[in-house]
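Take a look at this one chain, the form predicted on its own, written out in structure tokens.
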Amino acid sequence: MSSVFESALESYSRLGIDVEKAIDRLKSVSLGVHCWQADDVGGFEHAGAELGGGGIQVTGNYPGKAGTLDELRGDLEKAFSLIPGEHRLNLHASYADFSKTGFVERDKIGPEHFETWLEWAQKLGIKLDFNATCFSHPKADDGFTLSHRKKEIREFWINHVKQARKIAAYFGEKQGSPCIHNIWIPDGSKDIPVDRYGYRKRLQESLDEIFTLELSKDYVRDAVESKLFGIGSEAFVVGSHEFYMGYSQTRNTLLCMDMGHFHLTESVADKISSFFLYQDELLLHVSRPVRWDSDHVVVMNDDLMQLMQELVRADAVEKTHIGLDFFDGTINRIGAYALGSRSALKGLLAAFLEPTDLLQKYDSEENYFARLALLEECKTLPLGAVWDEYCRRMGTLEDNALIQEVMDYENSVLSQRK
């Protein structure tokens, strides 16, 4: 035990904070690390696949992007080695492996197209989550999928999501842990629509048809994800927050709240306490919007810290699936994985180390000066020393060694790619 950590223990103990308990709580948290940072959301349905359409945009052309499934998996293995703790991998359907079966369209995909992913995950000792991919496809080029006016287009996407749910259930059964399956669609319009109700009614009916496929919640937990706007859907998004709040409550699905999918003046943290009055389980996508839903790499900013604080204060950490959703092609992608994931975990550790009981005591006594002063004192507590100790115990590099490790991987692996 380092002298710096011992000093940190004394600082926290003066406020009645049990550092060892906080570390143990952090050990139990598994982030849903997303597969799409390493290849800029391109997927591998076709050779040289590139992202296209659906309100998603990745900027940057930093060298070393994963160009094959093997490269992607190698990058993910490196990323996981830099993230302390035991975490999950969140896959999109567009990352199917057709090497043994030959290509099939998205409405025909099945577990056999992801068997190599399951084998890889089991070898690494990680669990898988899943997403239907309702973008970057010719049948999504006009900006609508499950709410499309044309029945044949809706049926294609209905069948795709049903197949994605079957794959998720297969993962859940094989790995002995429910697979979180998330549904996000890009449906919306660039300019002002007239028949908003019609689009939302069709979306509701499509989702209802999707969920006629009954699957055990022991194997798959379905979530629906809202958005305020996207590229090409600035005026109207069919799957709004209000739509999916109502849908999740009446259809018993999870709600997914993405930190980048709301107005910049809205606080996802503020929604947590209201949400858990009515529902028992939540999926979060932790991201960082800069002026819009730009999916910047997560850092320890106020939004992140407040989100993690609210999860702890509402006693909701164990009821929340924390997934990551950022993608930046302007920087080293493995570094982005490590930095974003570690920032999310540090934010959660800071929340675990908050003197919540004492703060709530001041709240109940209406001693608002003491509450504010203590919150300010917490900002300068030695979080870094506890984080470094946590990394050491988990067999992961401390922050001061991260840059060199990422650069070494770039020089030995990423720079060798075409």
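The first residue of the sequence shown is number 1, and the count goes up from there. Note that the structure is predicted; figures quoted are calculated from it, not measured.
Here the subject shifts to the form predicted in complex with L-rhamnitol (RNT), a form of this protein not shown in this document.
Partner contact region in the predicted complex: 224 to 232, out of 165 to 173, 312 to 320, 224 to 232, 136 to 144, criterion any non-hydrogen atom within 4.5 Å of L-rhamnitol (RNT).
The partner is absent here; in the predicted complex, the one residue of His160, Arg333, His113, His285 having a heavy atom within 4.5 Å of L-rhamnitol (RNT) is His285. Of the residues given (Ala351, Val41, Leu31, Val386), Val41 alone sits with a heavy atom within 4.5 Å of L-rhamnitol (RNT) in the predicted complex. Taking non-hydrogen atoms only, Ile56 approaches L-rhamnitol (RNT) to within 4.5 angstroms in the predicted complex.
Of the heavy atoms in Phe327, some are within 4.5 Å of L-rhamnitol (RNT) in the predicted complex. Taking non-hydrogen atoms only, Lys346 never approaches L-rhamnitol (RNT) to within 4.5 angstroms in the predicted complex. Contact check for His261: a non-hydrogen atom falls within 4.5 Å of L-rhamnitol (RNT) in the predicted complex. Taken together, Trp36, His92 and Trp184 are fully in contact with L-rhamnitol (RNT) in the predicted complex: each brings a heavy atom within 4.5 Å.
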